[in-house]
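Before any questions on binding or motion, here is one chain by itself as structure tokens, the form predicted on its own.
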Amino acid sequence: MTVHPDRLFPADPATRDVARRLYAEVATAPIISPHGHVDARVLLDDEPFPDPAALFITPDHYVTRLLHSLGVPLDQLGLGPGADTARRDGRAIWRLLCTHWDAFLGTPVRFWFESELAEVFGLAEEPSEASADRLYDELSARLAEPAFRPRALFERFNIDVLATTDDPADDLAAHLALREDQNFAGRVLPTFRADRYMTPGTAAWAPALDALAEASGIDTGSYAGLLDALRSRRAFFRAAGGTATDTGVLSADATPLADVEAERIHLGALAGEISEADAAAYRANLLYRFAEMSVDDGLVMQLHAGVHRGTHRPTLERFGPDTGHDLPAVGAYTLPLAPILNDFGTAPGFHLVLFTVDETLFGREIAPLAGFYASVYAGAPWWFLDTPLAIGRYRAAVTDTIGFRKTSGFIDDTRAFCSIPARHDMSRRTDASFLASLVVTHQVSEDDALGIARRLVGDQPREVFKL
């Protein structure tokens, strides 16, 4: 298997030559990954990956959701009850991918796979139904080698910073152990994600409060106690190296409540008595309080709004969340975030990074907001939009308004460890192509474009995420 050195570059020879030079400047730059979902324990334990399916397929909902759309049941992909490592058939899962290899043509997943298989694992043969077993055996042999253990790959990928996503009740034992490990030089930082404390009335809410109380030593039976517990855990995350929080909500409504009203809803929810309107008001109030806390403690606030979670109830009930059935919603930020922006939008040190899966929102609201408020940054194209074409549209949508300094830098947002360098490479190639188009149309000089390219992979994410 080979990958073309000019993939994703412009067809026009003059523009392509500029893109090549820009890309060469950043191709081997260290990777800064300020938002992702790799488990820190993978690097702490440094055990060989179990098999190719466990590495490439099962943890990656980009892969499993498309295979599911072609009629492959999720349980055949290693998901759901009984799909533990001892019982799942990695070879059979790998065969399913190879059988449907052509389904990924034209998708970013195909780009990532080809980069991983050719450049990381050195495979010469392309996946197919006929080659599936040979490739599985070849990959399995590679994974047994010390050079393909997690820490060796972390170093080979040239990852400088890797952020994880963690519940406030997490003890962060793996993060703390990695910080003390003299044999590990990388930075693996926790990210504080408190979504499940925003959902009173759901079955998971009260147990989450109990876990938070145990972790913090603070009674969460009251609204005031919940806020104190969250503040305590945020301080714990900061001490463990964390620089950011993350919040995922359907609506960005951030209307604050009076403490007495929030307390009423909190106690009512614990008693099993809460309306949908009260639950929505409680979520909006907590979003405001999270911003308030970020102003106080300096943690960067990432906001991912506008996703319908768990849209297929049978799949949610059988396989759980994050299994491919979350779908985009129409987004809005300007009016919903008005309480936060009016009170904190110009607060010194406050960083609010806005993400969306509604790409019309980039030019319509996110870039204009970032173009006024010092606190607001346009988050990178995320999830359904982290594709070459969508990244190009993002740059076209926001650059006229905010240039490059008010963008976040690339976000890989992945659970699939080996896809990290492929995803960053895709972004670097796409940005090089966009910058080359500005150079050949004499909007920026090539020297300035080189500076921007370097900044987008280095200083920009470091400054935005306070790294």
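Keep in mind it's a predicted model, so treat the numbers as computed, not measured. Residue indices: 1-based, along the sequence shown.
There is another form of this protein, the form predicted together with a further copy of the same chain, and it is not shown here; the text below is about that form.
- The closest non-hydrogen atom of E446 lies beyond 4.5 Å of a further copy of the same chain in the model of the complex.
- For the chain shown alone, Y23 is not a contact residue for a further copy of the same chain in the model of the complex, no non-hydrogen atom being within 4.5 angstroms.
- a further copy of the same chain is not shown here, but in the model of the complex it comes within 4.5 Å of a heavy atom of F372.
- Although the partner is absent from this view, P108 contacts a further copy of the same chain in the model of the complex, with a non-hydrogen atom inside 4.5 angstroms.
- Contact with a further copy of the same chain in the model of the complex, defined as a heavy atom within 4.5 Å, is made by all three of R65, G71 and R313.
- The single contact residue among P368, G298, G241, G221, judged by any heavy atom lying within 4.5 Å of a further copy of the same chain in the model of the complex, is P368.
- Scanning S115, T247, T387, T165 against a further copy of the same chain in the model of the complex with a 4.5 Å heavy atom cut-off leaves one residue, T387.
- In short, of 304-312, 134-142, 193-201, 271-279 it is 304-312 that has heavy atoms within 4.5 Å of a further copy of the same chain in the model of the complex.
- Residues are counted as partner-facing when one of their heavy atoms sits within 4.5 Å of a further copy of the same chain in the model of the complex; in 431-448 these are F434, L438, V440, T441, H442, Q443, V444, D448, in sequence order.
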